[in-house]
Structure formats: structure tokens, C-alpha cells
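Next up: just one chain, as C-alpha cells, the form predicted alone.
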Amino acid sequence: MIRHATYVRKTGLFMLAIFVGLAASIGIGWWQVDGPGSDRPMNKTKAVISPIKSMSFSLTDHEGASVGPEILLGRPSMVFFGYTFCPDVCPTTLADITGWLEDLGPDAKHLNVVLISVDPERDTPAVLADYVAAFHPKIRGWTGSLQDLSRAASAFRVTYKKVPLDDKDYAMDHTSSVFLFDASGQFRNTIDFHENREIAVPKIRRVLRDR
């Protein structure tokens, strides 16, 4: 009986070792192929979003200056669509972006970081200026007419729509991903809402490394 118990124990330990080894191999494979250790874009929609050089739209930043796609060239860029009246997703994402930029330290200065408003009826440059001031100073706010917004959203393949509320006010449903572009304006990746910092920051560092 003792010999049998020892055999069972050794067999169990052997199977556990195999399981741990297999799990480690899968984990390493994910890290190198699809995870933060990957050297290639992870987002499968890469071919869908056109290079920034081919985009055409004109907006106004939170300081009143005219801006367009050309502003995003020459440095890697992070672009996020949202609005200042957003109750949760937008402030959470901008707080996350602030954390990512703080993690990057001095390297953050090499990035363009832009919030494009999907609610230009309420988000004037002055409103945007007050809003982005609550987050990292690298974050810029862009707005414009409804037609200008439509053109910009189409370029980034972003969707949005007005949702009426019970109090006769409205909210905006919109794409919540952060888009990453390299310095030449090529789409590289996305960072999803609430993505772990341990995954998000390496994605940004890869784009910075390739600038």
C-alpha cells in the first residue's frame, strides 16, 4: 500500500509538472506572438484603418487653433474619441491614458495624444479646455462641426450615435478604443477599454521604439 501511494504521488507530481510546463509554453507563446512581447501589431483591423496621410478633415483644438491629420505626423500618436459629458468610459479612459503617460516618463514627450469629441454641439473649445486640464498635459482636445466630426470619425472607422435620455438630455454611444499610430501615420494597434496597464504600456513603447 505504501509503495502504491508513493507511485500515485509521483505520478500526480509528474502530471502536474507536465501541466505547468504546457501552461508556461502557452504563456510564453502568447507573450511573444500576441502579447506585450510581440513585435507585430495585434489588432486584426489594421488593414481597415487608412494611413493618416490619406485622411482629410479639419477640426479645432481646445486652444482654438485649426488642426487636421497632418498634426499627427512626425510622432507616434494615440487617438481617442469621446466627449466631456460622458459619465464613465471617457473619464476612465483619459485617467488610464494619464497613467500610461506617467509610466512612460520622459518618453511621453514623443507622443501626440488627442481626444476627438463626438459631441461637438456641447463640446466647444472652451469646454474641452476645462475638461482636458484635469488629465495629463500631453492630452489635446479636438472638436468641430457635425460635418467635420463625421469626416474624422469615418477616417478612423469610428461609430457614434446620439442616445436620448429620459430627462430630455442625451448621451453619446461611441467606439471606446484608443488608436495607436506610428510616426509615419500607419495604424499599428488599439488599446481596449480597461485594458491592463501591463499590456497597454508595452504596446505604446513598441510604437515609440519604432519611431
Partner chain sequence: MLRLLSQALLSIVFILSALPVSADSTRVGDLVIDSPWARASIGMSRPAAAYMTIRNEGTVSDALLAVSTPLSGMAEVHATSTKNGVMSMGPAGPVEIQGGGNVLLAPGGLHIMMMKLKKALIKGKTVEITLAFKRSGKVTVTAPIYGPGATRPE
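All values derive from a computational prediction rather than experimental measurement. Numbering follows the first chain given and starts at 1.
We do not show the form predicted together with the partner chain, though everything after this point is about it.
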**OP:** Look up in the predicted complex whether Glu121 has a non-hydrogen atom within 4.5 angstroms of the partner chain, and give yes or no.
**Re:** no
Original post:
If you check in the predicted complex, is Pro106 within 4.5 Å of the partner chain, heavy atoms only?
Top reply: no
Subject >> the partner chain contact in the predicted complex: Asp169, any heavy atom under 4.5 Å >> reply: yes
**OP:** Verify the contact flag for Pro91: yes if a non-hydrogen atom of it lies within 4.5 Å of a non-hydrogen atom of the partner chain in the predicted complex, no if not.
**Re:** yes
**OP:** Choose one stretch from 82-90, 106-114, 137-145, 69-77: the one whose residues place a heavy atom within 4.5 angstroms of the partner chain in the predicted complex.
**Re:** 82-90
**OP:** Report whether all of Phe156, Glu198 and Arg205 sit within 4.5 Å of the partner chain in the predicted complex, measuring from non-hydrogen atoms.
**Re:** no
Original post:
Can you name the residues of 112-135 that have a non-hydrogen atom within 4.5 angstroms of the partner chain in the predicted complex?
Top reply: Val127, Asp130, Tyr131, Ala134, Phe135
